[in-house]
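Here you get one chain, nothing else, as C-alpha cells; it is the form predicted on its own.
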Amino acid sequence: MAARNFDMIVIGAGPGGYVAAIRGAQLGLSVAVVEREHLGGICLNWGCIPTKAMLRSAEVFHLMHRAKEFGLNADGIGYDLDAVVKRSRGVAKQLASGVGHLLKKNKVTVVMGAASLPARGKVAVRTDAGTEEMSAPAIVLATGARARELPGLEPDGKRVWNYKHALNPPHMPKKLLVIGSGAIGIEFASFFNTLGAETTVVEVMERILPVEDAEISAFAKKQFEKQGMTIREKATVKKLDRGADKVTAHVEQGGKIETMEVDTVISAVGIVGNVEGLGLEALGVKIDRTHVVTDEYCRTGVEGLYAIGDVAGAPWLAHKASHEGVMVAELVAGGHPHPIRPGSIAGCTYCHPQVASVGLTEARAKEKGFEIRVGRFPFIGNGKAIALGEPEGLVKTVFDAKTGELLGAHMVGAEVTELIQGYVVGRALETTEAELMETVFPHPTLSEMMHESVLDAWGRAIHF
C-alpha cells in the first residue's frame, strides 16, 4: 500500500496532540493524528476530567454533612462508590467522544494504532489491519507520560494502586496510604479521606505540595490534618509486604524505620515520558530522564520533528500541552507565534481546599535576587467566603518592589482554581500593582481578595 502523505502528522491524541491537529487543520494543513488507545489521552480518560468528577462527588458529600450549618436537614447521608465511579466514567466518555467529533468536523484523519518513526519525515503505524505507512514534512510527538513505578512499590491493581486503579477502585479503602503529595497524590488522598478512609500521606520532600509556595503548603497541610489526614514529610516508603487483604509498609523517617498496616496503597511518585518504541534514538533525538529535549518552540533538533506536552517535560499540565500544540501548528503553517513562558502557566490542584498558583514563589523570587513586596489576604476577611461557609483560605501575591511587576500569585481555599486566571491574565498583559489596584472588583465575590492581597503588599488593605 502506498504511503499516505500529509503536511503534519501528530502522534498522540491527548490535550496536546488533538489540539495541535485541530489548529493545523484550521490553518489549512492536511493533518493526521495517530492514537494507540483513547482519543483525549490520559487527561480526558484517566486524569484531569474523571478525577474532577469524583472530587465533585466528594465535595457534595462533605457539604451534605454540613447541612445543619446552612439551616438544612439531610438525614441518612451515604454514598455508592460504584455510582460515583460510573458518573465519572460517563463524564470522561462524553468528552472523549466530543474530541472524535471535533477531529472529524475539522477533517483531521484519525488512525488508531501504535506509531514509530522509521526515518525522518516517515511514520509507520501498527494497526489491527497491519502496518500503514505515512509521511509528512512535520511530525509532532505528543505521546504523553505514564505513572512512574518505583522498585518494590509497583502497583498490582489489588491492594497497591496507580491513578488508573484509583479511578476505578476494586474496593473502598478503610486504611489508605498515599505515596507522594503532588497534585495526583493529594487529590486522591482528599477524595478517599472525605469518603471516610483513614488516610496517611507520605512525602519524601520536606513538605507536601513541594512545588507550591511554602506558606500555602503549610496552610493546606493544616486543613488536611483538621480533616483527619496524617501527613508524614521527609519520609520514604522503603518496602511493601503484600498480603491478601492488607499491606505492611516500611516507612523511614528521621533515620528510623517503622511499619504501618493498611488495606490500600496509592503510588503517586511522578511520571515518566512515553519515549520507547518510537525509534527516536536512531533519529538522533536527545532524551533526558525519559523526556524529549526541545527548545522554546518545541523543536527537537531533528528537522521537522517537534515534541509537546508531558513527553517534552515539566510543567506536566494539560493546558501547557494544548498551548504548545497551537504554537507548533502555527509554526508549521508558517506563522510566527510567541514561545510559551513556563512561568506564566498556572498550576491547579483540586483537593479540599483547592490550591492554585502562577509564577515565582516568595522563596524563589528572593533566590533570584528580587527585592520583593508580599501581600496576603485571608478568606475570613471576605464577605462572600463567609456567606459560602468557606472562611478558611489565603491569597498571596509577590511583587518586584522596584517595578511593581507581579512575580507570582499563590492561593489556597474554595474555588481558587477559577480565581487564579485573573492573575495569569495580569501577568500576560505585564500588569503592575498600579493597574491591579485601580481595577474595580465586583462585590460580593471571592475575587475581591485578589484585590486586597495586592493592596496589602503596599500596606493599603482595607478589610484586614
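So that there is no doubt, residue numbering starts at 1 and follows the sequence shown. Predicted, not measured: the structure shown is a model, and the values here were computed from it.
Separately, the form predicted together with a small molecule exists; it is not shown, and the next lines address it.
For a residue to qualify, one of its non-hydrogen atoms must sit within 4.5 Å of the small molecule in the predicted bound form; all three of G12, K52 and Y350 qualify.
Interface residue among L419, C48, V424, L29 relative to the small molecule in the predicted bound form, by the heavy atom within 4.5 Å criterion: C48. This chain is displayed alone, yet in the predicted bound form one of L394, I184, V99, A220 has a heavy atom within 4.5 Å of the small molecule; that residue is I184. None of 172 to 180, 111 to 119, 206 to 214, 82 to 90 except one has non-hydrogen atoms within 4.5 angstroms of the small molecule in the predicted bound form; the exception is 111 to 119. Although the partner is absent here, V412 sits far enough away that none of its heavy atoms falls within 4.5 Å of the small molecule in the predicted bound form. Using a 4.5 Å cutoff between non-hydrogen atoms, G325 does not count as a contact of the small molecule in the predicted bound form. A residue is said to contact a partner when one of its heavy atoms sits within 4.5 Å of a partner heavy atom; A318 meets this definition for the small molecule in the predicted bound form.
Shown alone here, Y163 lies within 4.5 Å of the small molecule in the predicted bound form, counting heavy atoms only.
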